[in-house]
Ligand code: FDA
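Shown below, as structure tokens, is a lone chain in the form predicted alone; questions about how it binds or moves come after it.
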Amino acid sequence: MEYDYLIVGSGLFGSVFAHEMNKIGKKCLIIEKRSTIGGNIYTQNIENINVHKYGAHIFHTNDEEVWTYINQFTKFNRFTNSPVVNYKGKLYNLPFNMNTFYQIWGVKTPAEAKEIIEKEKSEYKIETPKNLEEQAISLVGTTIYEILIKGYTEKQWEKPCDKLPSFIIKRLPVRFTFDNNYFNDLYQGIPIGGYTQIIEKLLEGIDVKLNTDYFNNKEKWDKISDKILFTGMIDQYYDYCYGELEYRGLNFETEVLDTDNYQGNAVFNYTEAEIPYTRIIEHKHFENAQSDKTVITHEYPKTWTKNEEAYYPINDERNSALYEKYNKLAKKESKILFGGRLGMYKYMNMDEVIKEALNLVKSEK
């Protein structure tokens, strides 16, 4: 065989795996259907601003091993994710904290906020939440649910909240302190210079072919290596033999504006159902980029259809059961490995992707 490993997809999972296998002398080839490396963490420099082309990516983790690993390739700044919500023209802080409670109710103490929330929760008497709506109300009551959760979530998933599984927001941060830091993780930040440079360093010395779709010549690629790591959709790999898994799609509308500051914050969420986009990203605030202009991206959730980019797996009961059928096929494979969000049909943050890739490396050594 010409290669030890063919890696289908140059995203974070495939790139970490290729880097580690290359270090121990395994010859790897990456094929990527896009014209750029990095999958969804690709960043492009526009007007001296590193633009997150496929949605905002903020690195955060409590895993010191993963944090040390990723810091080999670049330095990270101390960016703290503090989103602002626009709901019908009024602004609120995320995550839900004392600033939010003051903005909604005018309360100034944790005791006052807890009293209101507990009163709202008690009116519903939810012991075991059966869906996302019940989960949200059992955590934060009805007012916060209606203003900050319901519209945004239903846009994101294109389903009513009472039809979505409760686990989607089980880890919803609720704080009775004046703290706008969205993540609780010990380590967080943005790579200085963008994410693309990390992928470039991971792939040094590795053969990469862009604009190359595995399925356009599957027979050829199957013969080029001893093993294949596939990071695309697992149901597509098996030609949808058990049926199609569901995914969510996204549209990004990016524009350069002739102003140095559009919204004063990296992330603005729009939670009312009537506004079609879920958020506006102003990229320069991730790295405090110095530019006379700014770049913003409107992010629109959309129904996913075949031959479009899939961004989020929908891990509800129906899809989880269907995935298990495909996973049983995957476990029987001796040559094919599956990885990443789509290959494992699992929503993962970037630190989890790295951890899973390193675990696969260990199993292959």
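Since we're looking at a predicted model, the values are computed, not measured. Sequential numbering from 1, following the sequence displayed.
Just so it is clear, the following notes concern the form predicted together with this ligand, a form of the same protein that is not shown.
S.K.: Going by heavy atoms within 4.5 Å, which of 50 to 58, 65 to 73, 320 to 328, 300 to 308 lines up against this ligand in the predicted complex?
M.R.: Careful reading of the contacts points to 50 to 58.
S.K.: For a quick test of understanding: in the predicted complex, does each of Ile144, Ile149 and Tyr270 have a heavy atom within 4.5 Å of this ligand?
M.R.: Zero of three within 4.5 Å in the predicted complex.
S.K.: In the predicted complex, which of the listed residues (Ile336, Ile46, Ile296, Ile31) lies with a heavy atom within 4.5 Å of this ligand?
M.R.: Partner contact (heavy atom, 4.5 Å) among the options: Ile31.
S.K.: How about Leu342: is it within 4.5 Å of this ligand in the predicted complex, going by heavy atoms?
M.R.: Yes, Leu342 sits close enough to this ligand in the predicted complex that at least one of its heavy atoms falls within 4.5 Å.
S.K.: Residue-level question: is Thr231 within 4.5 Å of this ligand in the predicted complex, judged on heavy atoms?
M.R.: Within the cut-off, so yes.
S.K.: Tell me, yes or no, whether Ile198 is in contact with this ligand in the predicted complex, where a contact means a heavy atom of each within 4.5 Å.
M.R.: Heavy-atom contact with this ligand at 4.5 Å: absent for Ile198.
S.K.: My question is simply whether Phe13 lines the interface with this ligand in the predicted complex - judged by any non-hydrogen atom within 4.5 Å.
M.R.: Yes, Phe13 is a contact residue.
S.K.: Can you tell me which bits of 178 to 208 touch this ligand in the predicted complex, meaning any heavy atom within 4.5 Å?
M.R.: Nothing in this stretch is in contact.
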